[in-house]
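Take a look at this single chain in structure tokens; it is the form predicted alone.
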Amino acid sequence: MYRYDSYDQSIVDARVEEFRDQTQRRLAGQLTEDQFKPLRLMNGLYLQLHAYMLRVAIPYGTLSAKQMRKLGEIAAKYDKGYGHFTTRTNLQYNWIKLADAPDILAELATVEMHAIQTSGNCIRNISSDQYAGVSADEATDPRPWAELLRQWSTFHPEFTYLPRKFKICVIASKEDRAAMRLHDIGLKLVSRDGQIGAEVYAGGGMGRTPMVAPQIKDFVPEDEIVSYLEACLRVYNRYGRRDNKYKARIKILVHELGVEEYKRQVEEEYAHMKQLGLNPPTEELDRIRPFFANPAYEQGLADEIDRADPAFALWVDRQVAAHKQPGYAIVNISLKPKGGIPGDASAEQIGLVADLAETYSFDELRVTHAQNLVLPHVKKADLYAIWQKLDEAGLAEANLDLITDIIACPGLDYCSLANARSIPLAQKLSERFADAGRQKDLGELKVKISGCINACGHHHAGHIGVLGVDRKGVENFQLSLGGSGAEDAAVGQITGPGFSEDGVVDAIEKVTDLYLAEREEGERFLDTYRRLGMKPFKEAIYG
């Protein structure tokens, strides 16, 4: 994984000291909250319902054992003993004291971490596939490109004050595990006639007006990707709405201009950009690539796994994915225990996963947009030992992509923007569907919950999505069906009138009962829904 050079480190250290001075001035009353707010947001510090929240960047979801261990230490020292992994593959601390914020950022800087551009109308954390570099079906490893774009976008003078926040995703596999087409810009690296380049998608996103990004370019050569992105952003920066924040995202611009007109303007700007020589030198990508070289895999390892322990075998079948290297596997660690809070991990659990990464996974781990963790390089011979340690720590739930593997935002328990509580609903659902046999029978079924229209819980992309709204001071939950964040990306359809918290749990059970009754051989829930349409599900829900 990438390591800072002196330039990277000096940038982060300077930002820490700058923010320390700003914080001291705020505490001394020399800055008002209105003056301080844009400064703290530039450093990932939000003021939530009960306390400050700090959002820590985890670029493209990759971090080392040392970095993970530091996150656990900070949770124990400055928070209430836990952290929350988000759908942007970042980590949030929900109980931060303002006076401690500069010290936390200073501690993060000692392990090459920060909170820069985790807020504000700028280019946010670059996201990617949690299996990047270890999946057999990728055209190339997307992480060097994700890192290059991280460096390009950090403090970019032209794109620091965009009309609205901007999210970029880079993948290189046929299977989309990162919801690429629900980003402002999505890049899919592909190989054409022996040359690496990118398919480019622009204008995706969730929130108030969910849209799946259309393809605007079928192939951009790898040495021109940055200038093409510059062109896309320049057109957006020039014409994106600044008079209405609800219409300020690039998806609205692409929709209002029309895809063809947006493409025309980008191509015009792209032709101009190519004359300026703004693409990074090939030497820079060549400098970055070795950081992502394969670790020192052992050769000749056996592929067999001893499945004598039935509980272990169940976990292997659900949580372990194929690795490109014989004798190795990818381990998915669920942060969705029965009755738990999706994405939450205690300081002790964070420390344990750091230890496992250090001992068994070449010092590396990943965070997924589904709020789980991944050990990307595990010898199959070590799987049983890892499972035992995870089981002891309450991290061995075998529910990847099942109905209890719920994505949920913090909701009204923490967030000042929320209209309803996401966490208690997620807990009730995980308890209602806790039976392992029932979950297995239902198969792949992705439930996603948001506490407000901003859709941090990706409810639009849920096979079953839930949106919490305020109905005259009472929490109400809208149900949607048929969404997907995968390569078959789609926005879910609202079923009809909303429900109480208990009512929506009952409604989801009715949906699953109909699916089980009507599915055909080999169909997932999403397949059955697409074949039957909304009508029978609506009848089952509302009678």
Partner chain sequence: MKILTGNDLSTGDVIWWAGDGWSRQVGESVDVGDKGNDLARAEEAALRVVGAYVIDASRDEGGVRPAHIKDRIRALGPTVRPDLTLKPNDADAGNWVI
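Positions refer to the first chain, counted from 1. Just so it is clear, the model here is predicted, and its values are computed rather than measured.
One more form of this protein should be noted, the form predicted together with the partner chain, which is absent from this view; the next part is about it.
Here the chain stands by itself, but in the model of the complex one stretch of 317 to 325, 429 to 437, 261 to 269, 75 to 83, 75 to 83, has heavy atoms within 4.5 Å of the partner chain.
Using a 4.5 angstroms threshold between heavy atoms, L98 counts as touching the partner chain in the model of the complex. The partner chain in the model of the complex comes within 4.5 Å of no heavy atom belonging to F159. Taking non-hydrogen atoms only, R421 approaches the partner chain to within 4.5 angstroms in the model of the complex. Looking at D470, you'd find a heavy atom of it within 4.5 angstroms of the partner chain in the model of the complex. For the candidate set Q215, Q388, S191, S416, a heavy atom within 4.5 Å of the partner chain in the model of the complex is found for exactly one residue, namely S416.
Just one of A57, V491, A51, L41 comes within 4.5 Å of the partner chain in the model of the complex, counting any heavy atom, and that one is A51.
Scanning 17 to 44 for heavy atoms within 4.5 Å of the partner chain in the model of the complex gives R26, L27, A28, G29, E33 in sequence order.
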